[in-house]
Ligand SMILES: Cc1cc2nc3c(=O)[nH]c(=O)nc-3n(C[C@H](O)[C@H](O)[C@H](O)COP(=O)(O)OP(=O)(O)OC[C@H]3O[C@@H](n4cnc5c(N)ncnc54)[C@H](O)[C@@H]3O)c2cc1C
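The chain below stands alone, shown as structure tokens; this is the form predicted alone.
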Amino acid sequence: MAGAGLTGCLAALALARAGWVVVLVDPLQRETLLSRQRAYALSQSSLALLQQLGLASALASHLQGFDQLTLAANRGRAQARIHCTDLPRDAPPAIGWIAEHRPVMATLLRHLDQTSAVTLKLGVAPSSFPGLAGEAGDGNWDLVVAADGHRSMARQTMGVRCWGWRYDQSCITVQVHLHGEDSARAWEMFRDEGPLAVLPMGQGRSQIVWSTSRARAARLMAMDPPSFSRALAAVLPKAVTLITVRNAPQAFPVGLQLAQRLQQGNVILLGEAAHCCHPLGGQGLNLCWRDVGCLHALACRVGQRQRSIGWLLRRYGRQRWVDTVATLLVTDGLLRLFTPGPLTRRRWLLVPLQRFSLALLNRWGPLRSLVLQAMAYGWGPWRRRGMPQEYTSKLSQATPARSR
């Protein structure tokens, strides 16, 4: 396997749990892998996968649940609220959970260290990994998994091209302390310059994911801390007040990307090596982890000698296309609908459609349920996996109590 990020590490553990022997390599050292200052919104599908792989108990204390999501557009004049009661009654009592990068990454690395079936090689250049020599791996390995990010060297070595485009946006992430924050409510605000998400992390802390034009993002990143704080305070929801910025903001460009093939020879592309989307709705990591869930289910069949490796290679690509393409198209469509830009001529046409969409979502329960299930479990046939009561109880403790 190439790539020891969150997706690569989880995939290595999934293969090991399925009875495979895994070699995982990454050019980065351990502390570099741990050092990313970021938080993620994990969906129901991601939590079900963690439970299935025996990681849920170790991570439960690092998760902050939220049971409400407020969608807002037109400077807050149009809103829709989604609640966890819009999910099936047997689902854990939250829409999602916020997890910081470092404790999750540290937990995965610790479990890799403790798993005898996994050999972890950090600080190793991918070119020195024999499984990635040649155009599509070689005969030394039954399966080669490339999970080395959106600039995947493995994908480039294979000669697999990508569809997609870059948006005229950059995404700024920063952690803050807020006053007036509801610790069980997340925000997704659709602004002319791009969406802005407020993800509650507990104890007054929040992760801000702020999308704006590349030019403005460059100006914001060049500001001194007081000036940046004032600019951020001006775009936050009126219900909250910025107290302090907890870390240095980071910016990265955003776009849509899909590999033209998810499998070639004995190599499969996993996670951002296969696809990237706008962080709207927090779908990126969850889509990657649904890749891992699919791979784990197929690898278990092969590990039990019920199916061949060739079957896994063919099946993986077919199973992941619907969910992947649908997620990319939906996030792109929502971005174009709700972020027309302040000067675009079609803005006056889109504003009524934005208001109608959010009003319909706010008033029609079946539509909220459909949208929330797609966010929670992905597209295509939904396969909700039950969770043990002990696990559900631990997740409930991480979510402020509310009525279902």
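Note that the coordinates shown come from a computational prediction; the quantities given were computed from them, not determined experimentally. One rule holds for the numbers: they count along the sequence shown, beginning at 1.
There is another form of the same protein, the form predicted together with the ligand; it is not shown, and what comes next is about it.
Thinking of the ligand in the model of the complex, which stretch from 23-31, 367-375, 353-361, 64-72 has heavy atoms inside 4.5 Å of it?
-> So the stretch in question is 23-31.
May I ask you to check whether residue 162 falls inside a 4.5 Å heavy atom distance of the ligand in the model of the complex?
-> Flag for residue 162 set to no.
Look up in the model of the complex whether residue 49 has a non-hydrogen atom within 4.5 angstroms of the ligand, and give yes or no.
-> Because no heavy atom of residue 49 falls inside 4.5 Å of the ligand in the model of the complex, the answer is no.
Is there a non-hydrogen atom of residue 338 within 4.5 angstroms of a non-hydrogen atom of the ligand in the model of the complex?
-> Residue 338: no, not in contact with the ligand in the model of the complex.
Consider residue 206 of the chain shown here, and say whether it contacts the ligand in the model of the complex, taking contact as heavy atoms within 4.5 Å.
-> Close contact is absent here: in the model of the complex, residue 206 is far from the ligand, nothing within 4.5 Å, heavy atoms only.
Of 213, 257, 266, 283, which residue is found within 4.5 angstroms of the ligand in the model of the complex when only non-hydrogen atoms are counted?
-> By the 4.5 Å heavy-atom cutoff, the listed residue in contact is 283.
Check each of 178, 288, 108, 196 and return the one that places a heavy atom within 4.5 angstroms of the ligand in the model of the complex.
-> Checked against the cut-off, the match is 288.
Joint contact, 4, 36 and 279 to the ligand in the model of the complex, by non-hydrogen atom at 4.5 Å = Affirmative, all three are within 4.5 Å.
Heavy atom contacts to the ligand in the model of the complex at 4.5 Å, residues of 145-177 in sequence order = Heavy-atom contacts to the ligand in the model of the complex: 147, 148, 149, 153, 171, 173.
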